[in-house]
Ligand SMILES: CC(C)(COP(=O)(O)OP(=O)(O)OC[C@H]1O[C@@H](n2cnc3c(N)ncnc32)[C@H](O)[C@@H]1OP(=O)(O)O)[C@@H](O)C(=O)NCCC(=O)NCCS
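What follows is a single chain, given as structure tokens, in the form predicted alone.
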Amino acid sequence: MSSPTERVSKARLSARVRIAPMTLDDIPAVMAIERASFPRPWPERAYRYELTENPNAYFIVAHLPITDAASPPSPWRKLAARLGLLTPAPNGPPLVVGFAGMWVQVGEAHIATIATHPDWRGRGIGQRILLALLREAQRRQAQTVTLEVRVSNLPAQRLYQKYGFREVGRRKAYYQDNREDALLMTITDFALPDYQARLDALAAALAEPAA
């Protein structure tokens, strides 16, 4: 269990994360996180298609100011340096530490992908990314939000449950790398006032570290 000091530190780091629309320039960093996170990563051309040709797509990245990334774990720092994502200047470009994408069509938002780099997990960054997707789904007047998650991925399931997702089905042998089932999870009351109030409360708690 983390200490109160650790919890505050994680919350403050999360508060410094900035969410921005994904651009073509972000793709190299996104691909590095893809390869570190998934056994069958999306190809680069898929991201180019989503960013340039799919009007129903909303893809984002999570940035940290370079000063916050001054001493990340060494494997990630080496990879980031090799990709040209770290610079010696204190006001250099931000570091991409996570990303996500969803499609919104005919009242349904479907979260297609979401990931935080393994070296930056457990710091609230995934919550900030998920919250940004849900806020955009609100703006696009979605009635429901859905996603698939591996049955073995319990930490992700707990995060989704916290934000109101509930299991509504199972896709057998959905993941091609190991034939693992996927849970289909949905927020069915997404457009209702009670859920909107719940999301506002979660957003406020995430933005305000506990003393």
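Here the structure is a predicted model, which is why all the values come from computation and not from measurement. Numbers follow the displayed sequence, beginning with 1.
Separately, the form predicted together with the named molecule exists; it is not shown, and the next lines address it.
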**Report entry** Contact test, all of G101, Q143 and V145, partner the named molecule in the predicted bound form, heavy atom 4.5 Å
**Finding:** no
Query raised in the report: Does the named molecule come within 4.5 Å of any heavy atom of Y160 in the predicted bound form?
Result: yes
Query - the named molecule contact in the predicted bound form: R135, any heavy atom under 4.5 Å - result: no
Report task. Evaluate Y49 for contact with the named molecule in the predicted bound form, applying a 4.5 angstroms cut-off between non-hydrogen atoms, and reply yes or no. Result -> no
Query raised in the report: Does T186 reach the named molecule in the predicted bound form, with heavy atoms at most 4.5 Å apart?
Result: no
Report task. Quick one: find which of 166 to 174, 22 to 30, 52 to 60, 35 to 43 has residues within 4.5 Å of the named molecule in the predicted bound form by heavy atom distance. Result -> 35 to 43
Query raised in the report: If we check the named molecule in the predicted bound form, which of the residues in 122 to 150 reach within 4.5 angstroms of it by a non-hydrogen atom?
Result: G122, R123, G124, I125, G126, Q127, E148, V149
